Every structure is written in structure tokens, then in C-alpha cells.
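This document opens with one chain alone, in C-alpha cells, the form predicted alone.
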Amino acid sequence: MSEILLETHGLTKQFGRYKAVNRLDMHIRRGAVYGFIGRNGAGKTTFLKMICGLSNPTAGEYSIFGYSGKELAQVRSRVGCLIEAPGIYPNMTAKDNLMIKAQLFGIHDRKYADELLDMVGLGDVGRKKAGHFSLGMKQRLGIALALVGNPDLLVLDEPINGLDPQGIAEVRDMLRALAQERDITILISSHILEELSKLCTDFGIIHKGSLIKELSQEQLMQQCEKRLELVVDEPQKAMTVLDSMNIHDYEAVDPTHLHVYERLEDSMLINRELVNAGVLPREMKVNQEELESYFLNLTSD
């Protein structure tokens, strides 16, 4: 089993009677790129602020690198955060912004800032003031600031929000490279499942403050895989028929629905065999759910 780097137990944040985060249990393994998915207002930012030590939980606890409670102070420097808008001095250059934070870590070599700027694609900005940067450039600088101190865990809150398609693709490629080349575990929040699906290895879906599902990329892709959907009154009998046809890649979704993931081109043959066995399908169709549809169906009321 992979080592769990970040784990929460019943983590809760309450404002008056309103629970922004409600008894949330999350598990992030070392080396993962964990996509934290939820609609705007679902509680993503509130949760990330607690993980980064910017807000105290009302109830519950969490551990990072095996440390919890007061022990977390020992490992805070190993966590890099970009929550909401990056904290940038607009009248200073990108390099000077980075060096102010670097010096807090005892780093005084200005080449360190150059390396970070190259890493996030800002190596050519020169003396341009950060206040004149585009939104995408500011996001990149924010990520560079979060990387100061060489963290083992990078926490990013909506880093692709407001970017154009090219900017989204560039940030995505950059984060993939960071995870693979520097072995950084990344927790990234967004409401855009389609984009995170191209980057993340694991996913947690939050709705109204509660984590309603955790799944791997493989499990997510299977949920949205092309499949034959059957509605039958006797699913056990139908599964026996599928087994006799040497079809084994299927699952019973609920008491009347079966999803078949192989030999979709033989749907008429499957129908005939079911009928011959006395199983009459009430509905039968080949379907493929879009990622966004899957997310919206999960978080619908």
C-alpha cells in the first residue's frame, strides 16, 4: 500500500450554524497529484486553508507526513501553498518577489530565483514589474512563490481559474513536470473536472462541505467508459447469461442496472441470449458519460 502523506479525520469548519466543511475524511498518497473537485462554494478553499494552517478546524483533525496537532509546526515549511490570489508585490519584479520569500528560508543566492522562474516559464520576464503581468503570468509567479523552500507538498487553490486554453495547458504541463521530475505531491482544487482529469492521479469530490467520493484516475475513467447499459428485473440471472457468453467485465450498479464494458458490438447477440434464458431487458443502450456530466450528476440535488 502506498504511504499516506496527508490524511484528515472528520475535519469540520463551522461559521455560526453554517458548516462550510462537514466531517471530511481525505487520503492523499505520497507522489499523487490529487484533484479536489467541487462547485464554487462547495468548501474547497475553506478546507485548503485549514490544511495550510491559515484557519483552525472547528472539529476533527488532520496529519501531514505523519505529524498532527501541535507537531505540525515542525513540517509547515515542507508545505507550499497558493490560496486564492497570489500575494505579489506589484511594484517589484518577479525575481525580487521570490527573493523576499527565499530569504525567510535562509536562501540568499539570486540564482535560486532564476531557477524557479525558469521552472514556471517566467525566465524571460526581466525587469518587468509584477503588477503588469497577465493573469496567467501572475498565477505562474504564485506557483513559483509556493515552490520556495522546495516543499514536498504543493497545495494550489484554483490555479487554472480564469486562464485561456493555452494558459491552462501550460500550467497543466508545468505541474505534471513538477510531480514527475521533483517528486512533489500536489493537491489542486478546481471546479473543472475535464482539465484535472488530464493531470491528476487521484480525485476527491466535495459537495456542500462533504466529501462524497474519492477515486483513482482509473476508476474515474471507468465511470465514464463506453458501456452497454442494461435494465433487467433479474440481474443475477442476467449475470449468469453473461458469464456463459464469456463476458466478465461487467458490474451491477443497483438492483436493476447492469453495465457491460466489453463486446459492445455484440449487443444484439447479448439481447438474444438474455431473451432465450427468460430474461427480458426493459432497456438496453450503449452509452458513454462525459466527465462533466458525471460530476454534475454526482453533485446534483
Partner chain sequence: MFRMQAFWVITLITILMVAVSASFLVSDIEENTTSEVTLVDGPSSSQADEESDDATSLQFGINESSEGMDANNLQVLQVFMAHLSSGMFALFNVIFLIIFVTADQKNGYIKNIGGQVKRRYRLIVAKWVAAAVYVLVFDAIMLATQVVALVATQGYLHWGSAQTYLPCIGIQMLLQYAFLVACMTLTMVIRSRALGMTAGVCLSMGMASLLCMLINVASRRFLHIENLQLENYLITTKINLIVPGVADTQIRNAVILAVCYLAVMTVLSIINVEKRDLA
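Numbering follows the first chain given and starts at 1. Owing to the predicted nature of the structure, the values given are computational and were not obtained by experimental measurement.
If you look for the form predicted together with its partner chain, you will not find it shown, but the lines that follow are about it.
- Out of the listed residues Gly66, Gly41, Gly31, Gly53, Gly53 is the one that sits within 4.5 Å of its partner chain in the predicted bound form by at least one heavy atom.
- A single residue from the set Met119, Ile160, Cys81, Ile184 has any heavy atom within 4.5 angstroms of its partner chain in the predicted bound form; that residue is Cys81.
- Heavy atoms of Leu215 never reach within 4.5 Å of its partner chain in the predicted bound form, leaving it off the interface.
- At the 4.5 Å threshold, heavy atoms of Ile205 stay clear of its partner chain in the predicted bound form, well away from it.
- Using a 4.5 angstroms limit between non-hydrogen atoms, Pro86 touches its partner chain in the predicted bound form.
- Its partner chain is not drawn, but in the predicted bound form it has a heavy atom within 4.5 Å of Met92.
- Residues placing heavy atoms within 4.5 Å of its partner chain in the predicted bound form fall in a single listed stretch, namely 93 to 101, out of 93 to 101, 160 to 168, 219 to 227, 185 to 193.
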